[in-house]
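Only one chain comes next, encoded as structure tokens, the form predicted alone.
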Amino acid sequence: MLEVDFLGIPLKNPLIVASGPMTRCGSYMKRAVEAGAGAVVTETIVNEVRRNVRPRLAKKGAGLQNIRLYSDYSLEEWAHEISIVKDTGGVCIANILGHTPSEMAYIAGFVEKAGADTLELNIASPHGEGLEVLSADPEQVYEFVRSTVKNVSIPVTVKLSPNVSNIVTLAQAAERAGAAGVSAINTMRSIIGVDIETGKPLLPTFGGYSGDPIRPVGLATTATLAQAVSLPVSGIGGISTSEHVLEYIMLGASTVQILTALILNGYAILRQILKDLEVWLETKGYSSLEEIRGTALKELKSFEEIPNEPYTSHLAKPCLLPDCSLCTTSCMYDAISKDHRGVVSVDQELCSGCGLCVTVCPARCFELRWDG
């Protein structure tokens, strides 16, 4: 039921563990596979290892900042780590970083021989080395991808950064160069916060921001890429529940990648998400994820295509939360009121049909109706 085909590789489900601290070695990737992951992406593999700083992770609210650069392991050590995943029966995607097209191609050839099933080119880092210059230049993206594709026989994908002005041109450059797929989004450049008592940032440099707060950006990027290129898209950003997985797939993703939720909750969250996905599909009468892929993508419209219909808000059911006032305080048109008995009403003359009340009400008491 959850099986998908990704780049010609059969996966038992679309849930891939993204590149990062939870895939930093073979034993950790093995744990992810045993917990049910459809595939794992190695932590970024480089030609010259550089020591990671301490501290390098900070959480604030629902978001996480990470200033870890890449793997502590050498290329030779990664040959062994990849073999652990393969011996477990897992699908291994090697995330690699090279500073020149030839270096990227060299690393790609090495990890292919080590047993990697496919590649994910890391052309963007929101911290540390200033690789955003590369990630924002379509011609450079083309050269890196083309050089790598020519040197290997396994599929090559490209991990794209949200820290650019036009991600579509980058995906199109990757497609022209022979990429088999794209993944997005990489983490967002961030400073997660400042300790106002000491005047110091929570981490000492810019870093990658991940977790729930970036999901809307990830969803929008997935939809944009699915519309712009014919390549499979692996959606990334803020996934922690089966609902999030379904959102990405309905917006055109072929697979999804999860990491921050694993860091904060452990590998057991993979089993829960997969179980919930199966229950949802069975309840809705679907036999595969392919039946719902892209369904929400088809509903997206340009502003010119959206009809200016006379919608206004109406109560779909009585409010049973007397202590809640989210609808009244958030109605910027003063159309919603609550009397002394706690009865909520909507003034149709004042309501402009903005729809905010529909989404802020925890009891789902409101709905928009066409009043034409």
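Quantities reported herein were computed from a predicted structural model and do not represent experimental measurements. For every residue, the number given is its place in the sequence shown, counted from 1.
A second form of this protein, the form predicted together with a small molecule, is not displayed here; the remarks below concern that form.
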query: Residue stretch of 66 to 74, 313 to 321, 299 to 307, 329 to 337 approaching the small molecule in the model of the complex, non-hydrogen atom distance within 4.5 Å; finding: 66 to 74
query: 4.5 Å heavy atom contact with the small molecule in the model of the complex for all of Leu231, Thr255 and Arg293; finding: no
query: Leu57: touches the small molecule in the model of the complex, heavy atom cutoff 4.5 angstroms; finding: yes
query: Any non-hydrogen atom of Ile93 within 4.5 angstroms of the small molecule in the model of the complex; finding: no
query: Any non-hydrogen atom of Ala18 within 4.5 angstroms of the small molecule in the model of the complex; finding: yes
query: Any non-hydrogen atom of Val164 within 4.5 angstroms of the small molecule in the model of the complex; finding: no
query: Partner-contacting position among Leu170, Val111, Ile239, Leu251 - heavy atom within 4.5 Å of the small molecule in the model of the complex; finding: Ile239
